[in-house]
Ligand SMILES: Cc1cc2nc3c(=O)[nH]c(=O)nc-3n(C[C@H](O)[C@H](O)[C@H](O)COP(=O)(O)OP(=O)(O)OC[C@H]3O[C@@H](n4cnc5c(N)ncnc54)[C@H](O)[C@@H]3O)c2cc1C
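As structure tokens, one chain now follows by itself in the form predicted on its own.
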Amino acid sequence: MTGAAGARPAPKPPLASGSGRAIHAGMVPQNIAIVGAGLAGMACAKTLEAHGATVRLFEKSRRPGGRLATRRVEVEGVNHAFDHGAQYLTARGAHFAAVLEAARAATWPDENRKVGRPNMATIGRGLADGLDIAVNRNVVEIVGQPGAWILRHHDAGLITPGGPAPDSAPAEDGPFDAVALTVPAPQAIPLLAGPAPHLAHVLEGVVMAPCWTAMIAFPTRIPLPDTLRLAGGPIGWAARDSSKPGRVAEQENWVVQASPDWSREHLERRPADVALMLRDALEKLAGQTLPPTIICLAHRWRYALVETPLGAPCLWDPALGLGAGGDWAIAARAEAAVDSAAALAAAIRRA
């Protein structure tokens, strides 16, 4: 999730942005729902609202931002923060560079990479400002018809991955002229399977890798450089998170991200076990016994890295007013999420 991983080429999908036929000639959707308030969803919403649309976002997590995430942990009255999602952002184009400049992102660990201050979640909060975002809402179904779509959703706290559906009936929002999905492609597939099976079929070609991330705090500095990128073994990336600008430099907080292969192998392990395994792997890299940890936690990102992208900027069917986009459409970079959002917004406006 550093934003620098490569992606294998993928065949062009049979349906991408701009294809299909309009259902209401000359009419642009004005009341739009976006499922997912990560970087792509919020960027898409900002663009659509700038052109006069009314947008409502639905986010499964407690706060927007997606992988622009920061975990805060208090121990004995002391607060520790870990950027346990995206580690840094890079900008190749002027548009994303302007987004990072507006967020007052700082350079780290070199001039080509940027981080939020005082944490990565700050960038997400800035994008969320002024948007209508319903958090803790797990959208489970899209029903209705073109021009009058209804979203059915549950309180995310009532849903356990792989568990039974909640006993209570889902809440409903709508009708919406159009619905855009900016969640990971595997999560978009079941939502599109009913109203747009052809779009769901196209997304089956997207492959995303998981990432286990450990958040570890030590009482004293450990003998490792601020950043480590490794090939092979359990650790893919490790960083002294407290070395980033705006952090508490006196703390020794580490983020350790497992490699995709290791994450797949241990995908269903208990978080506590994974945290200890990655802590031991870090100790092996240090070549000496490390001090007892103050904090040792793990978080699983089931869909973290794009391995096989869609091969088109986005999916959009103007006849249905349904589509999807995200970094998975283009490449394993945060900037790709913004580029896909721009393409998706443009396709909606052309409808």
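Start at 1 with the first residue shown and count on from there. Small disclaimer: the values here were computed from a predicted structure and weren't measured.
The same protein also has a form predicted together with the named molecule, omitted here; what follows describes it.
Asks: Could you tell me which stretch in 265 to 273, 99 to 107, 175 to 183, 195 to 203 has residues with non-hydrogen atoms within 4.5 Å of the named molecule in the predicted bound form?
Replies: Result of the contact check: 175 to 183.
Asks: Consider residue 59 of the chain shown here, and say whether it contacts the named molecule in the predicted bound form, taking contact as heavy atoms within 4.5 Å.
Replies: Output for residue 59 is yes: heavy atoms within 4.5 Å of the named molecule.
Asks: Given that the named molecule is not shown alongside this chain, does residue 82 nevertheless sit within 4.5 Å of it in the predicted bound form, heavy atom to heavy atom?
Replies: Close contact is absent here: in the predicted bound form, residue 82 is far from the named molecule, nothing within 4.5 Å, heavy atoms only.
Asks: Is residue 38 a contact residue for the named molecule in the predicted bound form, using a 4.5 Å heavy atom cut-off?
Replies: Within the cut-off, so yes.
Asks: Could you confirm whether residue 119 comes within 4.5 Å of the named molecule in the predicted bound form, counting heavy atoms only?
Replies: Taking the distances in the predicted bound form, the answer for residue 119 is no, it never comes within 4.5 Å of the named molecule.
Asks: Counting heavy atoms only and using a 4.5 Å cut-off, do 67, 211 and 301 all touch the named molecule in the predicted bound form?
Replies: Yes, each of 67, 211 and 301 comes within 4.5 Å of the named molecule in the predicted bound form.
Asks: Since exactly one of 123, 278, 86, 142 fits, which has a heavy atom within 4.5 Å of the named molecule in the predicted bound form?
Replies: Looking at 123, 278, 86, 142 one by one, just 86 meets the 4.5 Å heavy-atom criterion.
Asks: I need to confirm a contact call. Of 33, 48, 314, 305, which residue comes within 4.5 Å of the named molecule in the predicted bound form, counting heavy atoms only?
Replies: Among 33, 48, 314, 305, a heavy atom within 4.5 Å of the named molecule in the predicted bound form occurs only for 305.
Asks: Taking heavy atoms and a 4.5 Å limit, what residues of 91 to 115 are near the named molecule in the predicted bound form?
Replies: Residues within 4.5 Å: none.
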